[in-house]
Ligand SMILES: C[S@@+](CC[C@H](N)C(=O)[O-])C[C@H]1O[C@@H](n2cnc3c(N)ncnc32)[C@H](O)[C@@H]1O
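As structure tokens, one chain now follows by itself in the form predicted alone.
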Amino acid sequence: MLDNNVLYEKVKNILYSLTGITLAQNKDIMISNRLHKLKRNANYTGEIEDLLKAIENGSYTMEFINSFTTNKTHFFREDFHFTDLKNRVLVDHAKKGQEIKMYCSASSTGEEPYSMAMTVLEAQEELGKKINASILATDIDTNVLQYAANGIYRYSKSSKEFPEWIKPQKYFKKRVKKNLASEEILIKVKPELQKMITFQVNNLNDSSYPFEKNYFDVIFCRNVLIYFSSTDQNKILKKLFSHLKMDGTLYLGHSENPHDLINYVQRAGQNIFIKKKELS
């Protein structure tokens, strides 16, 4: 049987090889909990060392990825980005009558791309003009992608997720689920939002992405780079940047930075960057 330190190091190496995600040294408790989750997800009753060997040989890789990726998100997280999208980017595209193609690069359980879609419809209503928009939302975790596609979420009346300019009842159908102990409120995304979004698997650590060059007008890459080393963050940003149109907008998370892209962009707000030059 492997010593825990050796076991945890093996997990870190497998995770990095499959996803590029780097786990810090203080994550041993988390790794232990995720290993139990992995055995459940894989329906595996044998020793964990044998399961890890099987993963290294190409089996149970999706179960491993789904068990070890982190999916922390909520609607309109860092809402100033959606305000910028509504008041600047979408206004500009509406004036030009152009289709806007947007990419959510780490969509998790779907709150971010649905927030993008709600922002489009709000801008459309304010401008009184149809905005032709499409959103591609990707993640490496197949479980959260399915959750996102289903579009059903728990809702609290005290929730502060939605900014003042969003009325949730416009975009969700409410369902009340009663049980013996309490009453749970569920909200389901309306079809007009769902039809705007395509969900699919993509690994940000892949050497290339299956998109055309200079294809997207907007890229959201927020609060995912923090799980990668600085070197790999830079590589991911350069790959994403190649798929962003000139004068397109890149949104990063509050604790993330553009690394080598800094000389190729114009800052337009808090972690908002407009592409001004192609990478040489």
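Note that the structure is a prediction, hence the values are computed from the model and not measured. For every residue, the number given is its place in the sequence shown, counted from 1.
The protein also exists as the form predicted in complex with the named molecule; that form is not presented, and the subsequent description refers to it.
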| property | result |
| --- | --- |
| Heavy atom distance at most 4.5 Å to the named molecule in the predicted bound form, all of 71, 112 and 202 | yes |
| 4.5 angstroms heavy atom contact with the named molecule in the predicted bound form for residue 261 | no |
| Contact of residue 190 with the named molecule in the predicted bound form (heavy atom, 4.5 Å) | no |
| Contact flag, residue 21 vs the named molecule in the predicted bound form, heavy atom cut 4.5 Å | yes |
| Heavy atom of residue 108 within 4.5 Å of the named molecule in the predicted bound form | yes |
| Interface residue in the predicted bound form among 60, 241, 211, 227, criterion: non-hydrogen atom within 4.5 angstroms of the named molecule | 227 |
| Interface residue in the predicted bound form among 166, 136, 140, 100, criterion: non-hydrogen atom within 4.5 angstroms of the named molecule | 140 |
| Segment that reaches the named molecule in the predicted bound form - one of 190-198, 166-174, 100-108, 126-134, heavy atoms within 4.5 Å | 100-108 |
